[in-house]
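In structure tokens, one chain follows: the form predicted alone.
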């Protein structure tokens, strides 16, 4: 019997894993298996910054495996404003989850990191060996250092106690159940919400920044499948980048153009070049992943974006949108 606890289970990636586990056909390598119990825990069930609450959660479910997704997250501007909060809260969450996993003899933990852990000044493409060779970009300083420490702790737990703790490093994730808040979201859900409102209200659609930065985006349902693959097949402490290929970078302008098309927006559309762009690009190699998993069919970007827009429009009243102006 395997009991898999997913922290952050009500978030973007947690919901995607739940969707994949419940909808993949029998025989699929990503489908729920006989003897598996999946538990998707949200922050309302336990404040993972609190060690007592974290222990209580583990006492309740006694997981054999953990996919650790819970984190304090936010967009570029929130990360820049609240560096200490992002550092401290995420450090507490990660320390408590790994400690409770150890004390409850959990057989395997996969923690979710982010490409922001990588150094700002680094030779591209990023790969798994470059995490600690220089400081991260200042815009993600607090969050990045907290996430880096997960990799450090994974190695320490393995060396001292033999724990099977590892981590995954996704590139920019998007999809259904994302946070579509206008001020506090990542680029794709924030732009989708702005564009939908601009169409609804007959107002201009204005994108912050120049539109020139490049990013690799991975659809949440694809990422979910890769987490399930790691859970069942990967037992090394070294992290794995979960991403589309570096040749699939798209510019923020390309993203905005695709959103305008998917939403069916026909109004005035422009870029506010007075707003910060963040890092220009941070391409990551998925060579290690493909060497391990073999062939994997990623959902084409335009298809994934179209499905995400349709989900948001259909679920607008219940989506995580913050202010609905």
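Positions refer to the first chain, counted from 1. For clarity, every value in this text was computed on a predicted model and none was experimentally measured.
As for the form predicted in complex with a small molecule, it is not shown, yet the points below apply to it.
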Checking 125, 74, 245, 119 against the small molecule in the model of the complex, the residue with a non-hydrogen atom inside 4.5 angstroms turns out to be 74
Partner-free chain; cross-checking the small molecule in the model of the complex, the single residue of 140, 106, 166, 96 with a heavy atom within 4.5 Å is 140
With a cut-off of 4.5 Å between heavy atoms, is residue 215 one of the residues that contacts the small molecule in the model of the complex? yes
Partner proximity in the model of the complex: residue 56 to the small molecule, non-hydrogen atom cutoff 4.5 Å: no
Although the small molecule is absent from this view, report whether residue 79 comes within 4.5 Å of it in the model of the complex, heavy atoms only. yes
Does at least one non-hydrogen atom of residue 277 fall within 4.5 angstroms of the small molecule in the model of the complex? yes
Each of 185, 194 and 208 near the small molecule in the model of the complex, meaning some heavy atom within 4.5 Å? yes
Partner contact check in the model of the complex: of 269-277, 25-33, 58-66, 289-297, the stretch with a heavy atom within 4.5 Å of the small molecule is 269-277
